[in-house]
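Next comes just one chain, in structure tokens: the form predicted on its own.
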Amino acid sequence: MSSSQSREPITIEDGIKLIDAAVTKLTRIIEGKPEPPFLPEEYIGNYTIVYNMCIQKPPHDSSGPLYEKYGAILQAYDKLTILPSIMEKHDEYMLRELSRWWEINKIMVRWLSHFFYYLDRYYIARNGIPSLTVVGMTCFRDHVYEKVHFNVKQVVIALIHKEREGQQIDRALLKNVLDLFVQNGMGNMERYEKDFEDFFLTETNSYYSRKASRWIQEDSCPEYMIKAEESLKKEKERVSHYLHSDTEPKLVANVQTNLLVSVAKQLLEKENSGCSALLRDDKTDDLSRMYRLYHAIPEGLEPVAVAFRLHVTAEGNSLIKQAEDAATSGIVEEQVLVRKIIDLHDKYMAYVTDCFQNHTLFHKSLKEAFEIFCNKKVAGSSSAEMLATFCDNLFKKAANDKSNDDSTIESTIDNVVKLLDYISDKDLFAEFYRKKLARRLLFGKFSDDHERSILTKLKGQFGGQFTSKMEGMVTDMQLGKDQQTGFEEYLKNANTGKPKGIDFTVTVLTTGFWPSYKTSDLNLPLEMVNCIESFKAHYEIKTNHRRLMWIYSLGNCNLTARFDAKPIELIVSTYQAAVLCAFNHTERLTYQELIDQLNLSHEDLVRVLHSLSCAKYKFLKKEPASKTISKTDSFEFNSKFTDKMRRIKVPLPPVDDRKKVVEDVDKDRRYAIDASLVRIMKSRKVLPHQQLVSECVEQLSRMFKPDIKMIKKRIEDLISRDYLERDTENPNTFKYVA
């Protein structure tokens, strides 16, 4: 083209000749053929020709024909040069050719756009028609891309398959080709998705479906998971190297569905290598991998959590069965069982924390599993009773053996509180624990620090109401020490003086805190009566508003028994002491004489006489000499008794107070249900039966699992006592009676 401007109008024919000559040179340059580059004046001349043709006055303005000429140039080039060159190639060579011509096409469009730039500035802007770049892209899409994309897609998918099978491919080439799919979408992802991605995902689905079918048959669970994790990793790498980033979530979901979701049940239940086996064999790495794989899937962890719960439940049930099989004569080894359950909890809590990253689903599964077997009875003993007995033995042993490590005991206390959270009858535990706590406190077998520690933890977990009575009991013991000091000071200063030869200790208990005990009007020996009167006199000085009720069944005495061979100190209960002291003034007494003299009940006297005449130590001789006590028996002090020990503790036959504890708890539950029902109705005024029952269960389930039949009975009782009434129109609806 000439750079000089003619004063005469340039005709369209003349202008196109000049443009065609420039295009011919341009194509030779960009195709790498021998051709000198454009000189600056040539470049400016080409632009000037188009400029001059566009600014001519009508009818010589050639903007429209030039715009059409621009499109025609590119269309011809695409159809006659680019497309045939691509179509004659196959497989990977076709991709290379397509990639090469795509780059050439972009250069061609860029150069031509510079020549025709004046159209973009004014003609295109004024008429609202596609820009030169858009026309160039559209031409390539319509005349090249549309003709080759199907074959190209097939080749790309085949290459990706080769890479999945371990072969090397040209990833840069694939990236260029797939970028072409995206760019031919002209600003949206429709072309990429419809022409490539949909087919690619379908092929991926088939590929990994086949792999899953083969691997699940051939491999163990850990081996399978390693392959699945590696496959996911490689697919993500493909996205980073050549696939579009929008493909990643779809691709990952596709692989997860085929390799993990579809085979989850088979994989987790694989014999000798499934979830249960991994838990059994402590395969923490494999369990962590399982969590990683399934955590990334929506709701993917649910089958893993179910498998975890079933395994823990089976392990716990196995411990319960072992304990049942080992139970002899109805005696359960609580220490062994509870310790094993604590160890089991520690083991699986470690899995939840480490392998399962503290996920709430696994905490829930662990809780559900422990709730199942922790609420089973063993040889008639409830879990609440066994846990209370475990604590009792733990604290008694700690009190006797001062060398025990406090941190170990504190850790055990923490575990006990955790286990109690799984037990539904927490109120039953509290009552058994309170009974045993009372005995520890009264017989001095306790450590104040440990007792207060567990009460603090129980209070934090279950509220102040749960421990208020127990805390009161511990406080009573502290007050009792101060009271005893005051009593001893009183005896020193009192005119009557201390009862001769007797050390007397009294513990005053607050009735509301301590368990209820059976009282009796025991006729005590005179020496004991004097002691009691001394304490009464002291106590009345301190307070006039409290009445003392003496519980002799909890007392104990140290007596010196003077046998022919030697004197022996006997540690006995108050009841035993009263019976033995009765023989101070006579050698022989009948059963009837003893019961009249002491005013004891038949059951208590039988237990005491059995411990003194039929057990290991026979301080009394019984006639007739049998192993049972009857009302016709007579007893005589055994002065010939001797033993190598100088101090003997004489136990009473144990009393099974389990039935009474359960009865007390049932009675307390009736009161709790009544209170809950009234509380609910007072706030709601009117409620249907089903909703009232469900709200009551929800309120009380923190302490115990209320029986629905019991709730119904309590509702009827409240109706009879005019707290509630039935709706006259709907008998299943209740109203609160103010």
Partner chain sequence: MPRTASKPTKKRSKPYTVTSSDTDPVPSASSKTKKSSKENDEKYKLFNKYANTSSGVIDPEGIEKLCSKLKVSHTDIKILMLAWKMKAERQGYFTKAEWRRALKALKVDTIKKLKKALPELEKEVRKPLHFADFYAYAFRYCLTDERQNCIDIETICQLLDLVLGSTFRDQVDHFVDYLKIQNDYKVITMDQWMGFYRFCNEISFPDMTNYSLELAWWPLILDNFFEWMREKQA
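Small disclaimer: the values here were computed from a predicted structure and weren't measured. Residue numbers count along the first chain shown, from 1.
Just so you know, the form predicted together with its partner chain exists too; it's not on screen, but the next bit is about it.
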Kindly indicate whether A264, R289 and T360 are, all three, within 4.5 angstroms of its partner chain in the predicted complex, using heavy atoms.
no
Would R721 show up as a contact with its partner chain in the predicted complex if we use heavy atoms at 4.5 Å?
yes
In the predicted complex, is there a heavy atom of its partner chain that lies within 4.5 Å of any heavy atom of K17, even though the partner is absent here?
no
Mark V693 yes when one of its heavy atoms lies within 4.5 Å of a heavy atom of its partner chain in the predicted complex, and no otherwise.
yes
Any chance K33 has a heavy atom within 4.5 Å of its partner chain in the predicted complex?
no
Which one, R702, K682, H60, K713, lies within 4.5 Å of its partner chain in the predicted complex by heavy atoms?
K713
Which among 63-71, 35-43, 22-30, 682-690 is in contact with its partner chain in the predicted complex, heavy atoms within 4.5 angstroms?
682-690
